[in-house]
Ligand code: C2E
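We begin with a single chain expressed as C-alpha cells, specifically the form predicted alone.
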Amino acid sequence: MHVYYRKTLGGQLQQLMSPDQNPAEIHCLDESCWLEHLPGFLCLKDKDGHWLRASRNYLLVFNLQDADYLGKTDDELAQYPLSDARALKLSAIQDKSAWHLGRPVKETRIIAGPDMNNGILEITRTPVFGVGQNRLKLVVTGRFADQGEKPESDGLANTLQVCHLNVAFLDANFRISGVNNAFSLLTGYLVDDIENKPLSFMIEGGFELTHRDFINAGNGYFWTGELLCRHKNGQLFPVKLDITGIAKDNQDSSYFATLLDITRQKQSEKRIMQIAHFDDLTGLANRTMFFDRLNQFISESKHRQLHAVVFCINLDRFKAVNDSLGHGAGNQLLKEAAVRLRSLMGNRDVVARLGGDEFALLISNEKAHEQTMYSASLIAGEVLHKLSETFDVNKREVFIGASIGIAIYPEDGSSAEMLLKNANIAMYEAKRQGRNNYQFYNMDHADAAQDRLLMEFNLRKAMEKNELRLYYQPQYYAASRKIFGAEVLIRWFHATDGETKMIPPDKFIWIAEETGLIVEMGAWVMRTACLQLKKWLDEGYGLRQVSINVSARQFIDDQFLKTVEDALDGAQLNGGNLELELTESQLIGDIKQIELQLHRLKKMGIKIALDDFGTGYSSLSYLKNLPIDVLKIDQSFIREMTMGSKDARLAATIIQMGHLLGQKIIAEGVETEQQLMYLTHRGCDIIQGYYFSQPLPVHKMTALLVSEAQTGIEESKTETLFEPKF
C-alpha cells in the first residue's frame, strides 16, 4: 500500500488517506510528495486557468519540466521557448469546454514522446463548483496508454501472449475463445477456466452486451466502459473494458477485448473528491458538501411540505484553548468535538465543519413547524450538554461550551445561503445572550445583526476619536464606612449627528471581545486607571487601590503581563495598588496555565478578585487551588436579599466560607441600609453599590475624595489603623 504525504501551511508533514482509511483517520503530510506518486498525472488550476500544482508527468507532456509554471495560464506557458505551444493552446480550449458543460470531459490525444514515438494520452477535466455554482478549481487527471501495433491476424494470438496488455478474444456471442498471460495474471483465470464462457460471468452487476451496443468507429465497431471485475478469488476491482469488433471474410464477426485495472485511478479520484468535499482535519463534510446536501434537500422538498433544521454551532472559548495550549491542542479539540457531534446525529443527517471552530448540522424533519421547533430544541440541548462535558486535551482537562443558532426551512429561508446566514445571525444572538445557549432565528435578530455591524464599525473608531471614558465606583469598608478603593468601569460616549449618546458596556463589551478590540481597549483602561490613581495618591487622597475587570481575551493574550507591568511602571505604582477582577467563566480552560498566569501576577504584588461569584461554574477547587484574594458576591444575591431569605443565607455562607479560606469579601449592588447592616453583621469586608455611590466620572470622583478628606482626614487616618489589613 502506498502512503502519500503533503506539507501543511505550518510546515508539518501530513499523511494523506490510504485506500482503506476512514476520512476521519487522515493524518497530517507533503503535497509535492504524494502528487508525484499518483498514477498517471494530475494538474490543478484555479477558476481563471492559472496553474496551482502539476505532477512532473503532466509537465513532461508540454515540455515544461524546467519551467516556473505556478500562477500562469496555458496561453502564458505557451510563450515558454521550449514548450509545446500548440498542445497548450488546445488544452486551454478544452478547459473552456469543461467549464461550459459543467461536468467532467474526457479526451484522447496522440502526442510525440521524447523518443519521437507517438503515444496515447487519455485526459479527464473535472470542474469543481462551490456555493451558488461559483467556479472553484479545475482538476485535470489522466494517464498514458500504450498504443501498441496491430499485428497481422494470423500471428495475433502468439504476439499478444508476451504483451503486457490484458487481452481476450471473444466470439460472435461474446464468449471467450482465448486470453493472454497478462489477462490470466490480472483475473486469476487460466484459459481452461474460462474458455467458451461468456465474458459477463466475470463482470459484476448483470453485464450483457449486444451488437447494437457498439458504435461505428471508422472501419470497425467499438465499445468501452468502466465496470467491476470479479477475480477468481472473489475479490472485486474496477476495470476499464474496451471491445473492438473484428470483421472476417464470409464469417461472423469476432471481438478483441482489453481489460485495464483502474484501481489506482479510482483511488486517486476518491482522494480528489475527499479533498474537494470533506474537511481534512475532522473528516466531516466541508462547506461545499454541506451546501450541496442542503440544496439537494430543498430541491426535493419543494412539493412535499418538508421541514429542515440548520444548526450553526460556534465553540465558546476555543480561541482561549488554542492560544494557551497551541494549535495542536486546538486541532485535537476540534476533532473530539466533531466525534461528539457525529455521535448525536442519524445516518441521514449532515454534520459539517464550515471552518475554524464553526460547525453546522442539517436535519430533515417532516413534522409541523411547531413540532420541528420542539425537536430542534431537544437536539440543541443535547449538543450543548455534549460539548460542555470535559475535554481531555494533551492530558489536561479543558472545558468549553457552544453558542448555537437555528434556522428552519422554509419559514426562515428558501435558499441554502439564506438559511445558513440566518442560522449564523441567531448564533451571534446566542453569544450576545451570554453564550452556551441556543437561539432560534427571528427578524429581530436580523435587525440586531445590522446594528452589531454598525456598532463594531463605530467602536473601532471610538478610541481614535477619544470617545471612551473611565468611571469609578467607590468601595467602602463595611465597618467604618470609610472609602477604600474604586472599581474601574468603562463608558462609551458616541457622537453622531451632532448628538452625544452614552452606550452602556453590555451593548459593546461583547463585541469588543468577539473582534479582539478588547485587548487594545483593556491596555488603554489599565494605563489610564493607573495614571489617575497615581494622581489621586500624589494629591493625598485616601484611595488605596483601583480594581480593573479583565476579559478572557486579555487574560490569555501573550502580552498581558507586559501590559500590566508597563501600566504600573508608567504610573510609578506598585502591584499592591492594583486589583484585577476575573469571572468564574474565565477559569474554564487549561487550569495549569491559568494557575501559572495568576501566580505570576501574585509575584508582582497584584491582588486577584473573583467577580460575580456564585453565578458561574462555582467550582470550590478554584478557591482551594488558585491564588484568589477576594470574592465578590454577585449583586443578584444582594438585590433580592431580605432577612431570612435564601439569598441572605447564601450571602452569609459565602462570607463565612471565604474567611475560612483566608479571602476577603466584597458585596456589590448594595442599595439599602438593611442590606448594609445585614452584611456588616455577617462580617462582609467591603461594600460597593448605589447606597454609597453610583459610578462617577473622574471629576465627580475627585470631588468625592475631596469631600471625604474635608470631613476629617486626620480622624480617617486614625480609624484606618483599626481596619482589617487588606
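All figures in this text were calculated on a predicted structure; none of them were measured in a lab. Residue numbers run from 1 along the displayed sequence.
One more form of this protein exists, namely the form predicted together with this ligand; it is left out here, but the text below deals with it.
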Requested in this report: Have a look at 458-466, 293-301, 401-409, 486-494 and name the one stretch with heavy atoms inside 4.5 Å of this ligand in the predicted bound form.
Outcome: 486-494
Query - Position in contact with this ligand when the complex is considered in the predicted bound form, options Ser91, Gln532, Gln265, Ser551, heavy atoms within 4.5 Å - result: Ser551
Report summary line: Checking Asp95, Glu429, Asp357, Glu581 against this ligand in the predicted bound form, the residue with a non-hydrogen atom inside 4.5 angstroms turns out to be Glu581
Query raised in the report: If you check in the predicted bound form, do Gly326, Glu389 and Ile591 all have a non-hydrogen atom within 4.5 Å of this ligand?
Result: no
Query - 4.5 angstroms heavy atom contact with this ligand in the predicted bound form for Gly178 - result: no
Query raised in the report: Is there a heavy atom of Gln473 no more than 4.5 Å from a heavy atom of this ligand in the predicted bound form?
Result: yes
Query - 4.5 Å heavy atom contact, Glu195 to this ligand in the predicted bound form - result: no
Query raised in the report: Do Val383 and this ligand share at least one heavy atom pair within 4.5 Å in the predicted bound form?
Result: no
Query - Contacts with this ligand in the predicted bound form - residues in 689-704 whose heavy atoms fall within 4.5 Å - result: Gly689, Tyr690, Pro695
